[in-house]
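Next up is one chain by itself, shown in structure tokens, the form predicted alone.
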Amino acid sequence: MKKEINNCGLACPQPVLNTKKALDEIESGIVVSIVDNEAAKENVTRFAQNAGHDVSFEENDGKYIITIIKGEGGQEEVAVPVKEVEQTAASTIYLITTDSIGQGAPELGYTLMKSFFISIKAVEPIPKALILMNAGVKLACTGSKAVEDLQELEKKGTEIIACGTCLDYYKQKDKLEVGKVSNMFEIISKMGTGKVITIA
């Protein structure tokens, strides 16, 4: 079986997500992922290699044609117990303390945060909880581009928790559109129930 996906013009992480979806839909065969920039080429190639597939690419008129072979003839995948992976992911809690990622240009930081939410929605199983503190509470409030992503995650079962003190400080309590208002005691208790990863 051979599938071809045109990812030209798509921003990170969409080319990787589209390629992953195509690979998940076949037992074995070839997936050709076409991208139009170096970053997407590197990301798709690295993803496919890390998944244990044979990967090659060629450049043609500014586009990269990435050929991924799954199954027969592919590299041997490293066996990881499914239950172990599921238990780890299902107990993951993200502590988000900012409304943008990193200390560089704010616009880049917002783009990276949006990319983070797009990617995290594609992870199975989804995170146990997202805890929003400090400027992170703004992500769940009116005007944030992340509100729809958070609502999707909440519908899937991720608990969204927003720090009440932080909402008060930023005068955002009446603008909260997703999740529940919480306090430090509850937040600390929740953090004790899973693996915590901080996004700052």
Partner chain sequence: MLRHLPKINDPNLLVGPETSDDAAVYRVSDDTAVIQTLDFFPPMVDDPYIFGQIAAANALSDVYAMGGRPLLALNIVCFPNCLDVKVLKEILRGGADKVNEAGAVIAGGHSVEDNEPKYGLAVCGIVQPDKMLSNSGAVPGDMLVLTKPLGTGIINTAIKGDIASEETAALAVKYMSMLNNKAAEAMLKVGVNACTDITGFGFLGHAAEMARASNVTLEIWSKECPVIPGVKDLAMMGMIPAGAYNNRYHLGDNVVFDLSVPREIQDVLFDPQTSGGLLISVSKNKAHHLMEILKQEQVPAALVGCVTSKNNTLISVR
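All values derive from a computational prediction rather than experimental measurement. Basically, rigid core = biggest C-alpha set you can superpose within 1.5 Å across the two forms. Residue numbers count along the first chain shown, from 1.
In what follows, reference is made to the form predicted together with the partner chain, a form of this protein that is not presented.
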{"query": "Heavy atom of each of 133, 190 and 193 within 4.5 Å of the partner chain in the model of the complex", "finding": "no"}
{"query": "Listed residue that, although the partner chain is not shown, lies within 4.5 Å of it in the model of the complex (heavy atoms), from 67, 165, 43, 151", "finding": "43"}
{"query": "Selected contact from 50, 142, 60, 28, since only one has a non-hydrogen atom within 4.5 angstroms of the partner chain in the model of the complex", "finding": "50"}
{"query": "Partner proximity in the model of the complex: residue 16 to the partner chain, non-hydrogen atom cutoff 4.5 Å", "finding": "yes"}
{"query": "Contact test in the model of the complex: residue 181 vs the partner chain, heavy atoms, 4.5 Å", "finding": "no"}
{"query": "4.5 Å heavy atom contact, residue 10 to the partner chain in the model of the complex", "finding": "no"}
{"query": "Post core alignment: residue 180 C-alpha displaced by 2 Å or more between the shown form and the other one", "finding": "no"}
{"query": "Residue shift check between the shown form and the other one, rigid core fit, residue 134 Cα at least 2 Å", "finding": "no"}
{"query": "Exceeds or equals 2 Å, Cα of residue 190 between the shown form and the other one, core fit", "finding": "no"}
